[in-house]
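The chain below stands alone and is given as structure tokens, in the form predicted alone.
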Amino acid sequence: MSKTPINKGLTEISVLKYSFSLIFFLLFFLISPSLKAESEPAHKEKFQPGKMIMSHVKDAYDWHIMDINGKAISIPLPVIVYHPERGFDMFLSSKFHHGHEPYKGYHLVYKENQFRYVLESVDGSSFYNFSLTKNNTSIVMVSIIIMLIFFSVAKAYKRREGMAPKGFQSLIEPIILFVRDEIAKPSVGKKYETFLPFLLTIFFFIWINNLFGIIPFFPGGANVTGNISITFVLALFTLVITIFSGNKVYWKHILLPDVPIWMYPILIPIEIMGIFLKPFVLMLRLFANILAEHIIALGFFSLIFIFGETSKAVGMSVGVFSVLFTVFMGLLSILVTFIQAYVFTLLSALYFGMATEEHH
């Protein structure tokens, strides 16, 4: 890591706060209408691992805590809808009583083939859904935590100007230096400062959401970065910044490459497709890795109940193995959370570097 002092730490953190706030609000409003709900079916006769796993990795209108004597204990979340004729309505998801009773013209319909509840109007009419589901509630909480951290660090820099880092400064400063010196500078080049606020924002957002995702109880457990709607929005930011940052050398390489003219009909479409394929792969990589991590852990937990239905002794013996392996996967996941944030940030920086590279 470079030994360059963090003499611009306060400025970078201040810009990071506003950059993060912009991304959060755009992310929230882009994904809110498209999010769907999940919850446990009202009547379960036999343990179904597929249904259990899918219900945990998908979004929901409540935050499930635990089951006591077959009764689900959960935190209801606000349902916010706008109907062109009826206007705005806002109420808690507990009004639906797990999807069995309509409320104010809306109800939760369980989609058996999707393992989730979907909010629909009773009369089948269209409406706009801005509800706080489990995923975007987690985004709100993580965003507040991140902003509190950086506000406190920024204030600490002002109070302790020129002094050794202390408290959160000691934790955050090495990470900022890592993103700046090991990701932004080598990948982007001399214009790295232009993109550093975004790269820091995206790194901390993905990393902390990943960490919260591996916590098995409230306020963790939400599959934020394992939701393709969210990774799509993150990749979309990378695509938009890359396109609008591209210089004439970048666009010349795509639209007028230095190859024989007869190759243009083949090469130019490939280059144009590459503009969109790069963030598309970025989206799929983060989504697939985090989703697979959740499914593997839940799959091993499911073995306890699958074998337990045949024999309690077998279930207990398999349970020991499943718990030990899940603990191992959990420890490994701590490293994976950092690696996935690093890979997404690094590839974004590489795309920005290619878009701003000068002709040699």
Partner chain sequence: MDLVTPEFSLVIWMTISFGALVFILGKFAWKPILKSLKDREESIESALKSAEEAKLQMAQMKSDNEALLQEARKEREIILKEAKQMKEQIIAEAKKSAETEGAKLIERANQEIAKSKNVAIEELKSQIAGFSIELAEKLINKELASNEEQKRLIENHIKDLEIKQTATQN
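Just so it is clear, the model here is predicted, and its values are computed rather than measured. Numbering follows the first chain given and starts at 1.
Separately, the form predicted together with the partner chain exists; it is not shown, and the next lines address it.
Proximity to the partner chain in the model of the complex holds for all of 131, 198 and 228, with the criterion being a heavy atom within 4.5 Å. Here the chain stands by itself, but in the model of the complex one stretch of 264 to 272, 250 to 258, 102 to 110, 162 to 170, 162 to 170, has heavy atoms within 4.5 Å of the partner chain. When the partner chain is considered in the model of the complex, only one residue from 183, 214, 233, 239 comes within 4.5 Å through any heavy atom, namely 233. Contact check for residue 158: a heavy atom falls within 4.5 Å of the partner chain in the model of the complex. The closest non-hydrogen atom of residue 143 lies within 4.5 Å of the partner chain in the model of the complex. Within 4.5 Å of some heavy atom of the partner chain in the model of the complex lies at least one heavy atom of residue 135. Interface residue remark: residue 147 is counted as part of the site for the partner chain in the model of the complex, having a heavy atom within 4.5 Å.
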